[in-house]
Structure formats: C-alpha cells, structure tokens
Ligand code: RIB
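In structure tokens, the next block holds one chain alone, the form predicted alone.
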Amino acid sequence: MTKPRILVIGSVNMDLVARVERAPAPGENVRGWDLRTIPGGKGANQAVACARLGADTYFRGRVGDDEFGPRLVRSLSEAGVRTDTVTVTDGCASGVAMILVDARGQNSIIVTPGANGRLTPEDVTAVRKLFEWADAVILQLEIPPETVARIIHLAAETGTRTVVDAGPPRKSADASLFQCTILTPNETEAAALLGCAPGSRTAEAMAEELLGRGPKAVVIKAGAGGAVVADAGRIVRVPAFPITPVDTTAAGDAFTAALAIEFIQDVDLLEAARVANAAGALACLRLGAQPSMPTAAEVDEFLAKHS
C-alpha cells in the first residue's frame, strides 16, 4: 500500500518548557521546576506526527544559525521527516516558544518567531514540485501572512488539497485562507477568524459560518468537547475520549496530522475526526510537543481500547 504523501510548510521552534503549579498573575513571581528544552513549533510538530503516523513527509521551513538550529533539524530527521527542504537563515535566531505547564496540564505559551518570520513566498515557490508530489499540504499561521497566501494559491494551481491549522489566533485573515480544503481551528481561533468574542457562540454556529466563507470542510477542535465537523449537508460533534492530561501542548498538532492522513485516504470526515481525537488525546499524556506525537500503532491500540 502506498504511503500518504504530505508536505508540511510552517514553523519550527525550540520549546523552553517549565512546570508550574499555576500560571503567574501580572507582577507575580511563581516558582517553577523541571525546565526542559524540547523541539516544537506547530509546523514541525505536525510533520513529526505525520511521519510517525505513517506518511511520507517533507517539511519546508527555516531555522536560525544558532545552537538550536541543528538540534531542531535533527529532531525532524530522527522522526522520519525529510529535511533537505529546511533552510538555515544566516544572522537570525531560531524560533523559540516559552511554555508554562500547570498542575492541570494546561499551558500558557509565548512565541518569538525568529527564522520562522523569514519564510517567504519565494521559499514556497521553490518547492513547487513537492506540491505536485503531495497528496495534501498542511500549513499553520506561525509564518508570515503573505507566505500563507502563496501556499494556498500554489496548492490551487497544482490541484493539491490543503489542510489549514488556523493557529495561532489571527483577527484578520486574507480571503485566500478560506479557499482551503479543510480549515481546522480551535474554538478561540475560530472566534478570532469570525471577529467574535471567545465563548460567545457555539462551535457548531462558528463552524457553519466559517464553512460559508469557502472551505470544503471545517473541523473545530474543542478539546474535552471533542471536535465539530461541518461539510456539505451536516454539522456533527464527534465526542472526545476521556483522559487526565499531563500536558496539552501540541495536542492540536497531533489532531491535525491524523485528520489529514485519514482524509487523504478517503476516510469519511466523521471517522477521520474520531481518529484525530484519539491522536490528540495520546499527545496529552506525555510532556512536550514532538516527544508526545503518537505513532500509528499507538493510535490503533488506543482506539481498540475505546471502541
């Protein structure tokens, strides 16, 4: 059986992860512990997840010429991701995310883009042949807006399906963002795209409105609330799997990768979302981003236990 072929274009960061009892209030000093440096970044996380889930995966992105750059590339390569399309950016730091994980496993994140902000539309055009090769392109919003627009336009030119993870939240978006195959924001990101206050509307209502803006399908990640799938003729909530999270960092990235792989194999989107929920749940059970991305065997075992 031919492996699914996925091109991931996006961000790669070094995550500085500290455990805390709770996130500090403004001006407050809170004691933390267990500081770790762990490879992350939404794009790189999704590429690692795709490779571990069995896809033939390329990653297009930029690292800096600092001490983090080689480690970030090595982490991708060791997971089975093809990295010859990763560019080292001279005179620039790699992206860094500072992450606090509290006692409930919830996280607070500050991201400094570094080399991710130097990923240009020309960088995308340079890998046009990979668009023609890929079954789908996955992208996120941790890279410049003009680069996101170029990815979507080039995918349209080559007839390649696009899965857009609409994070981090962006209050305004180029109309091209909605010309994707699947748009998969979380509830906060969906609200930002629609210009409404978080929590002011149901995920179902937001999915319906986002679907009307142009995507072929919308899948809203709702954490413990599961996922809401909206496509032609239906809006359905797919329940989450009950777990006690250790760290929710990158759960959405595992979800997006699994959803894309199932979709391009012609699995119905409701079943694809169920598998994606399982991948996201598994990612919550380990600390860190890329180390928590599950394998295909782990997802299969988890689903068998929760059938």
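Just so it is clear, the structure is predicted and the values come from calculations on it, not from any experiment. In case it trips you up, residue 1 is the first one in the sequence shown, and so on.
Another form, the form predicted in complex with ligand RIB, is not on view; read the next lines as being about it.
Colleague: Taking the partner as it appears in the predicted complex, which of 274 to 282, 39 to 47, 22 to 30, 56 to 64 has residues with heavy atoms within 4.5 Å of ligand RIB?
Modeller: In short, 39 to 47.
Colleague: Would residue 142 count as a contact of ligand RIB in the predicted complex, using a 4.5 angstroms cut-off between non-hydrogen atoms?
Modeller: Although ligand RIB is absent here, residue 142 would touch it in the predicted complex, with heavy atoms inside 4.5 Å.
Colleague: With a 4.5 Å heavy atom cut-off, would you call residue 257 a contact of ligand RIB in the predicted complex?
Modeller: Although ligand RIB is absent here, residue 257 would stay clear of it in the predicted complex, with no heavy atoms inside 4.5 Å.
Colleague: Tell me, yes or no, whether residue 9 is in contact with ligand RIB in the predicted complex, where a contact means a heavy atom of each within 4.5 Å.
Modeller: Flag for residue 9 set to no.
Colleague: Residue-level question: is residue 99 within 4.5 Å of ligand RIB in the predicted complex, judged on heavy atoms?
Modeller: It does: once ligand RIB is placed as it appears in the predicted complex, residue 99 has a heavy atom within 4.5 Å of it.
Colleague: What is the one choice in 127, 211, 88, 109 with a heavy atom within 4.5 Å of ligand RIB in the predicted complex?
Modeller: By the 4.5 Å criterion, the partner-contacting residue is 109.
Colleague: Note that ligand RIB is not shown here; using its position in the predicted complex, name the residues of 238 to 268 with a heavy atom within 4.5 Å of it, in sequence order.
Modeller: 249, 250, 253 sit within 4.5 Å of the partner.
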